[in-house]
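Presented as structure tokens, the chain that follows is alone, the form predicted alone.
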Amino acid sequence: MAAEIWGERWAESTSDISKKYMEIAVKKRSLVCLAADRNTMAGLFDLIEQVGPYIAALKTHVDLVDDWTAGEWSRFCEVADAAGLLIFEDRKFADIGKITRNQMGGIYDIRSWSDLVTAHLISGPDIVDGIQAAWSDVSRSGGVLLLAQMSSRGNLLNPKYTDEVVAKGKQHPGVFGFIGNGSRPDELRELRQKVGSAKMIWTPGVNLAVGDGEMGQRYGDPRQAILAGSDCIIVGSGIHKSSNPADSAKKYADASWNALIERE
């Protein structure tokens, strides 16, 4: 069924992790990744319990959890896996390959539990090799999302830089896809044309309440983002700051799924 729903995206993908995501999305009828911006383990567990059925992935910032312990994080990852969620650590790596390989280890040992991570390509494509080597070190596999666009005002990811990131990322088998700007459908549509169908595009900057948010963030409509070429909408405050996170998550899931059916 995933092949039928996703069409050429499924047919052209050579990434196992991409196909795993597409299968999860079809099973849950949701193209939503929750930006789980909670700073306690209890808050994270509460989010999974409330919204797990309506999301396909969970985006984390492991170093922002005030009461983090290795044991509790391991249990959290087990709960996320049982809920059928990919774990996406939004690390935004940007160093050389060797250092990045080491950063995937360290106290948080990101390589041992993440399915996806983000990276800037400013240091060159060796960073992707470093990340993939770190996963190989612990006999795991995962995917790298390269930042091709950002949704914050004043960011320096200009079109020329975006083009270079896409050109290099399209050729690398370790690249799962790209982060695009969900708040600007026209920019996102252009990005999809450049990326083609073989790689994913995931987009922050979406909210059912379109407009400006805090600290320079901008929000676009989730349906428009999917129609423009996004394969997953990354939603934070629209869900976790809601008075009813489960209900809000379902609304985003429905909007994203219906848009995918309309698109295909």
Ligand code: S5P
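All residue numbers are counted from 1 along the displayed sequence. The structure presented is a predicted model; accordingly, all values stated were derived computationally and were not measured.
A second form of this protein, the form predicted together with the ligand, is not displayed here; the remarks below concern that form.
Which of 43 to 51, 192 to 200, 228 to 236, 65 to 73 sits within 4.5 Å of the ligand in the predicted complex, heavy atom basis: Stretch 228 to 236 is the one.
Contact check for Lys92, Leu147 and Ile179 against the ligand in the predicted complex, heavy atom at 4.5 Å: All of them do, each having a heavy atom within 4.5 Å of the partner.
4.5 Å heavy atom contact, Ala35 to the ligand in the predicted complex: Output for Ala35 is yes: heavy atoms within 4.5 Å of the ligand.
Pro222, heavy atom within 4.5 angstroms of the ligand in the predicted complex: The answer is no: Pro222 has no heavy atom within 4.5 Å of the ligand.
Touches the ligand in the predicted complex: Thr100 (any heavy atom, 4.5 Å): Although the ligand is absent here, Thr100 would stay clear of it in the predicted complex, with no heavy atoms inside 4.5 Å.
Lys28 within 4.5 Å of the ligand in the predicted complex, heavy atoms: Because no heavy atom of Lys28 falls inside 4.5 Å of the ligand in the predicted complex, the answer is no.
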